[in-house]
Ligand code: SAM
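As a starting point, one isolated chain is supplied in structure tokens, in the form predicted on its own.
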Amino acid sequence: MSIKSTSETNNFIDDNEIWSNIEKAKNCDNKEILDILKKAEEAKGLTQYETAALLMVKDKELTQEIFKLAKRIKEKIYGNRIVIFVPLYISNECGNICEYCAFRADNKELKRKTLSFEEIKQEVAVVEKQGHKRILAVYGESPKYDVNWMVKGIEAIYETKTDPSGEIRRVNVNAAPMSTEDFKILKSSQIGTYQCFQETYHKKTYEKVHISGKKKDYLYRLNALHRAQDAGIDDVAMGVLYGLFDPYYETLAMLKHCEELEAKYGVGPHTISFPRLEPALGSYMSEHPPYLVDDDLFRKIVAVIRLAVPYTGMILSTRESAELRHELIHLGVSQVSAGSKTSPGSYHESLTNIPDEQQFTIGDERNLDEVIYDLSQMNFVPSFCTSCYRLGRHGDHFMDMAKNLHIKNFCQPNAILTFSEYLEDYASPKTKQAGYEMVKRLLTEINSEDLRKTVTEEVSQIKNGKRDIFH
């Protein structure tokens, strides 16, 4: 009989601690809230109690102060750049039965599909021709496919090149938890970030909504990011699915997960995602969330996460509507997906999402060019940058630079360069005109004269055909 390691059985989520902080936060007055905001201004993070207190603020003026501060903190660390990526669904086959998901194994309404390596290349070619450089490969949780098969799929993504400058420069991976040895194999494929959502940190709820399959093992999933770190994958990503359980509890539990990784590995999550339950084929729960998170609370959750974990990338998906994304992007978000499809093969086969093949309903169906134009109108710089990963700025190295407020010195120039590349090769005339007006302004805002001259010259080189310039 094998003995499970602590990286499979460690339960660091303390329910009593979380509920105690929530209860105490209910008595927090406005003076204490202002003190917490003053502390948050230092961009050093928040405790569970302080996080709970801000989440519970009812005063409209104080809420606006939270929102304004979240934007300031994000710009203080990362500038006004917004990283762009696209999810690529490899398979909708699954060995689990999860009440909230269309991919559940017992869903007879769903049409199952797993992409061949040639079909993966076809999908990649489509998104490259749109201008994407960063892919999140979503592998699902089918027991039919092992890590070696995943690695071959990642190789197919990197191998696919299209004109005029189409290539994927970073592949992040969303896949089922695996052993440390399998994570080592996954790392060998030159992935960027490994992403795994706990869905809900509340153990009883977790066991209730995960009816069968390997995913039912709460602790194995809870410690997945530990095993990934042990295997040398030092950029890991987490998230919860808001709507399954109490949102205050979930946010504090996720913060505890961040603290656990920071304490053990010296670096917290590279990114945090905060998806809400959206309607999914064959799932009653997805259309009737047990814990409905309305837009007002959701805005506050996004802003407070930025204050609680200031150096972490924050990902906003296309689950939300274009209108709400337009608001949320001002509350500390640093990455967005664009032009997303949530069914395998849908980029190549269809212009729209396919209801009986997709994982959930998309809220924002704008294409990449529309999203980029909108960002530029809001004075955010769309970025396709992958320089940090390729130059070794990841894991604790990246986080140290973020905490010392140095990472912005790389983010802004690289954002300008990759944005210029998009404008030359893929942008619509309207977006190209608006984009270059922004680039011209951004160049004048670079404080260092030497850097300003260098980046200005590099933009000219891009206009003359040079590609993939980065710092």
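As the structure is a computational prediction, the values presented were derived from the model and not from experiment. All residue numbers are counted from 1 along the displayed sequence.
This next part talks about the form predicted together with this ligand, which is not shown.
- prompt: K300 near this ligand in the predicted bound form, any heavy atom under 4.5 Å?
  reply: No, K300 is distant from the partner.
- request: Verify the contact flag for R221: yes if a non-hydrogen atom of it lies within 4.5 Å of a non-hydrogen atom of this ligand in the predicted bound form, no if not.
  value: Residue-level check for R221: yes, a contact with this ligand.
- prompt: With the partner left out of view, is A280 within 4.5 angstroms of this ligand in the predicted bound form by any non-hydrogen atom?
  reply: Answer yes; at least one heavy atom of A280 falls within 4.5 Å of this ligand in the predicted bound form.
- prompt: Contact between G345 and this ligand in the predicted bound form at 4.5 Å, heavy atoms?
  reply: Looking in the predicted bound form, residue contacts with this ligand do not include G345, since no heavy atom lies within 4.5 Å.
message: I need to confirm a contact call. Of G140, G131, P247, G268, which residue comes within 4.5 Å of this ligand in the predicted bound form, counting heavy atoms only?
response: Selected residue: G140.
- prompt: Tell me, which of M314, L241, M150, M399 has a heavy atom within 4.5 angstroms of this ligand in the predicted bound form?
  reply: By the 4.5 Å criterion, the partner-contacting residue is L241.
task: From the candidate stretches 259-267, 384-392, 197-205, 123-131, select the single one in contact with this ligand in the predicted bound form, where contact means a heavy atom within 4.5 Å.
output: Contact criterion met by 197-205 only.
- prompt: Going through 156-191 from first to last, which residues have a non-hydrogen atom within 4.5 Å of this ligand in the predicted bound form?
  reply: Counting only heavy atoms within 4.5 Å of this ligand in the predicted bound form, the contacting residues of 156-191 are N174, A175, A176.
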